[in-house]
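A lone chain, given as C-alpha cells: the form predicted alone.
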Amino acid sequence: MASFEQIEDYAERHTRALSDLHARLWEETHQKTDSPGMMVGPIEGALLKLLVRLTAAKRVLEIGMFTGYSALAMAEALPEDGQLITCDVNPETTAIARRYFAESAHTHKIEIKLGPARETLKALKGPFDLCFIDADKGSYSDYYDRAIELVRPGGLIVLDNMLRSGRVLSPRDQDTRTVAALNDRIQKDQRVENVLLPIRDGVMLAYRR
C-alpha cells in the first residue's frame, strides 16, 4: 500500500502548479525562516486559488500571511479590480512577502495590515467574499466569529490546520484544544454549511448561509 507521502506527491503532480514566483518564495522561506511549515503547500495554495475563482470573489481577507505564499495564490485568481487584505504581526516575514508581492503582476490587489490581527479586524468593514484563517491557533475562535460578521451570505470561510497533525483526536495542548472545540462549534453552527478536508493539516470550509 502506498504511503501518505507517496499519495501526496502523486496529488501534487496532478495539481496545476503555481507560478515560478511561488517556487522561488518556497525556496527562500525554507532557507531563511525557522518555521517553513507555517507556509501552505502547493496543493493547498492551488486549492485556495481555485476557491477564489469558484466563489467569483472580489474581496478576500487573509488572517495570517507569513511570507505571502497563499496571498499570492489568491491574488492571482482575483479580477483586476479585486482586493486582498492580508494581516500579519511579524515584520521579518512580512518583509519577504513585500518583495515577492512587488514582483507580481497582481501586487496592486494586495494590501498588507501589519499588526495584531485582533486590532486590525476591529477596524475592517465587510462584506468580504472569502476569508482565509491561518494564524495563531489560540485566537482561532475569535477570528472565526469576526469572519462570520465580515463575510457575506453566500461567501466562504476557510480555516487551516484544523487537524493539528491528528492531535484533535486526543487534544492535550491548549492550541489543539482550542481548534478541536472550534471544529465542534462549526459543526453545530446553523449559520454555515461545512466540510473538513484532510488536505495537508486539515482545511475546514464553512459556507456562510
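Residues carry their position along the shown sequence, with the first being 1. Predicted model, so just to flag it, every value in this text is computed and none were measured.
From this point on, the text means the form predicted together with a small molecule, which you will not see here.
(message) Going by heavy atom distances of 4.5 angstroms or less, which of Ile96, Leu124, Ile112, Val89 would be at the interface with the small molecule in the predicted bound form?
(response) In short, Val89.
(request) Select from the listed residues Ile157, Met39, Met162, Leu51 the one whose heavy atoms reach within 4.5 Å of the small molecule in the predicted bound form. (result) Answer to the contact question: Met39.
(message) Contact with the small molecule in the predicted bound form for Asp134, defined as at least one heavy atom pair within 4.5 Å: yes or no?
(response) Taking the distances in the predicted bound form, the answer for Asp134 is yes, it comes within 4.5 Å of the small molecule.
(request) Look up in the predicted bound form whether Gly82 has a non-hydrogen atom within 4.5 angstroms of the small molecule, and give yes or no. (result) Looking in the predicted bound form, residue contacts with the small molecule do not include Gly82, since no heavy atom lies within 4.5 Å.
(message) in the predicted bound form, does Met65 come within 4.5 Å of the small molecule, counting heavy atoms only?
(response) Yes - in the predicted bound form, heavy atoms of Met65 and the small molecule come within 4.5 Å of each other.
(request) Indicate whether Ala75 is a 4.5 Å heavy atom neighbour of the small molecule in the predicted bound form. (result) No, Ala75 sits far enough from the small molecule in the predicted bound form that none of its heavy atoms falls within 4.5 Å.
(message) Check for me whether the small molecule, as it appears in the predicted bound form, comes within 4.5 angstroms of all of Tyr144, Gly166 and Tyr207 - heavy atoms only.
(response) Per the other structure, none of Tyr144, Gly166 and Tyr207 touch the small molecule.
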